[in-house]
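Shown next as structure tokens: one chain only, the form predicted alone.
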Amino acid sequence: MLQADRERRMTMQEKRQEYTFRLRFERKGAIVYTGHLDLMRAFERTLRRAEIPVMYSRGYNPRPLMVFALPLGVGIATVDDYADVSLRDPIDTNELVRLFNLKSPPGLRAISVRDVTGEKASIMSLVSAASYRLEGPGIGQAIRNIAKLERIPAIKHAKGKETQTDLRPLLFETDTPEGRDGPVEILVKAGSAGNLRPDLLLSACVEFSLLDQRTAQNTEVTRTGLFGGKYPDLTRLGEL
């Protein structure tokens, strides 16, 4: 078959019925040291092994139709994250949770599922903020001090380029009461319009001599929530 014939046949294919489910999940333990692409592959394998009727894209390299709310960096645990999964057939939400957890790898677990079929907004477009918990020696004092700065200059690396940026406008809130040096909660800008990764903030703490490099690298990071809306009027993603 000629290339033109293949392309014409693909455009003539009937529109498929699509059922979209928003899966709330967590990842803990050793699996946090996988990258985002590896996490996507873990989802794909889990759905396939559980025989969940996932819908695939058309074309020469079909991929499962999945959209994650916000990519997870290597080493970051999460207790409240979301992914939209498109299926060929409807399914009971409790059964989807059960089947997923039956075949998921250790540390990856579905918490709940909601049917969002028909909703037009992409889950990625809904995210505007994220909260993280940082745990490590001296982290409370370091975050408290860096939050007092008017500017937090940093260098971001993307697509082989370096760009200078100011992290301060991206840091919305810090839960760092004076005299406390336990876990720290931070609320930061997130999403396509601007995103503050915790590792950038920790690197800035090192640059300002608020933390040593080893302590920053060993800080435990857990994403505790994703939010939509415009700061300070934010709503948890699961409630949108």
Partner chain sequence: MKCDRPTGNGGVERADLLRVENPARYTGGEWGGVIKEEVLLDIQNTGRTDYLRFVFCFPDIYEIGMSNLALIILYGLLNRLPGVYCERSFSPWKDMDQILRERDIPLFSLETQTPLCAFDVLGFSLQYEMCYTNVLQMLDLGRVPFLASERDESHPIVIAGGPVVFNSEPVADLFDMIVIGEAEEVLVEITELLKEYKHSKESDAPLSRRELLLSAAEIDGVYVPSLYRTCYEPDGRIRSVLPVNEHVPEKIRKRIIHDLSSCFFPTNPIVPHTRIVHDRSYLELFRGCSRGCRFCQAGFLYRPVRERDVETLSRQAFELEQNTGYDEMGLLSLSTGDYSRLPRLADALVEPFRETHTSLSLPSMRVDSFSLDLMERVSDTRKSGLTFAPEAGTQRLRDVINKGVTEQDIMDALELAFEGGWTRVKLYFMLGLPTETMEDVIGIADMALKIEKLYFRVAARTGQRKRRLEIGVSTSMFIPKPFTPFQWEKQDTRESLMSKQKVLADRLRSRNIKYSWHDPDSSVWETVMARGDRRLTPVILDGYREGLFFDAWDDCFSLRRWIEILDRHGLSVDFYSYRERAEDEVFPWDHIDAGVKREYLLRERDRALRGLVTPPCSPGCRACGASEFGSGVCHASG
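All values reported here derive from a predicted model rather than from experimental measurement. Residue numbers count along the first chain shown, from 1.
Here the subject shifts to the form predicted in complex with the partner chain, a form of this protein not shown in this document.
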Using the partner position in the predicted bound form, report whether residue 17 sits within 4.5 Å of the partner chain, counting heavy atoms only. no
Does residue 53 reach the partner chain in the predicted bound form, with heavy atoms at most 4.5 Å apart? no
Heavy atom of residue 44 within 4.5 Å of the partner chain in the predicted bound form: yes
Contact label in the predicted bound form: residue 195 to the partner chain, heavy atom within 4.5 Å: no
Quick check on this chain: which one of 171, 31, 206, 66 has a heavy atom within 4.5 Å of the partner chain in the predicted bound form? 31
Just one of 100-108, 146-154, 114-122, 159-167 has heavy atoms within 4.5 Å of the partner chain in the predicted bound form; which? 100-108
Scan 42-80 and note down the residues that get a heavy atom within 4.5 Å of the partner chain in the predicted bound form; none is a fine answer too. 44, 45, 48, 49, 51, 56, 60, 61, 62, 63, 74, 75, 76
